[in-house]
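Next up is one chain by itself, shown in structure tokens, the form predicted on its own.
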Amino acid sequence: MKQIIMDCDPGHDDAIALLLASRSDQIKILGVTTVAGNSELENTSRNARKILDYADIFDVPVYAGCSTPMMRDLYRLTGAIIHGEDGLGGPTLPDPVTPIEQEHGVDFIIRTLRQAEEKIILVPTGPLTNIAMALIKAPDIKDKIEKIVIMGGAVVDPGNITSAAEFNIYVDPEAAKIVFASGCNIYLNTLDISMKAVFYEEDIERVRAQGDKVSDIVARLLDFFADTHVKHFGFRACPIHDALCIGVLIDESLVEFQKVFLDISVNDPLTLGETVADLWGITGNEPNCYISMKVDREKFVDMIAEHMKKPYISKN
């Protein structure tokens, strides 16, 4: 059983990643930490609890983490144009019943790793603020991290917030630079593959036709997400970026990776947040992460559809 901490900023694709992880018999979610990104921290913390409560997941605690990037202001940018003003636009979900935990998300990450008997996987699908802060505050936790599976960056294809940068890395590039320089075992799912792992209209309808409560809400989330992609990107399809990080934990063959050296642009306004990868090994720097190179779209669609109709079974 893979033990994970999910660090997220729900967000439609974060919400589906949470649901996918919860319904996998290979994964145990030790806790969810939230971060400001797609929306303000108050919204992302509420959205995480909304989706968990709706899916009858009442035994996974949610901890609010950092409300701003490490060195920058959040107000300059959130994902409202894609995810709606509250970060989870579209279907109206009931307010959460499960309370937010009192412990700060960064402290939860540190405490859980220090107390763990076995190594834990971190799955950050938003800006990397919480992960970077945990590594700065408690460098010893690195020994308890099996790997960090990140959604972020764009290496070959253009970014989705600037031509150079993907949203998660752009929001807090300093945090990303710290994480990639940490020496942890890092797997990075970039836009290069997540924009190819899309749900088309027939895939959304397949999920909707399953008829159960969770499949229905996923289809309605995808409807909203597809509409915003038409408006802002000119195509109707849903790249469920964040769920790929869970997908590769369920089936390693879903994504092919290449080990490279990668660094983050933090000083140049033109390329701020760019994930700069040494694909040809010409810098002489030791590789520090695995980046995604190829994805099996059909396998990904099948995986999400099949897992959404499964009942939640507590692993606690």
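Please read all numbers here as calculations on a predicted model, not as lab measurements. The first residue of the sequence shown is number 1, and the count goes up from there.
Keep in mind that the form predicted in complex with a small molecule is not shown, yet the notes after this line are about it.
By the criterion of a heavy atom within 4.5 Å, residue 170 is excluded from the residues contacting the small molecule in the model of the complex.
Residue contact with the small molecule in the model of the complex: residue 160 places a heavy atom within 4.5 Å of it. Interface membership of residue 38, defined by any non-hydrogen atom within 4.5 Å of the small molecule in the model of the complex, is confirmed. Among residues of the shown chain, residue 244 is not one whose heavy atoms approach the small molecule to within 4.5 Å in the model of the complex. Here is the short version: of 151, 134, 207, 175, the single residue with a heavy atom within 4.5 Å of the small molecule in the model of the complex is 151.
A heavy atom within 4.5 Å of the small molecule in the model of the complex is found for one listed residue only; from 106, 88, 197, 191, this is 191. Here the chain stands by itself, but in the model of the complex one stretch of 303-311, 6-14, 21-29, 289-297, 6-14, has heavy atoms within 4.5 Å of the small molecule.
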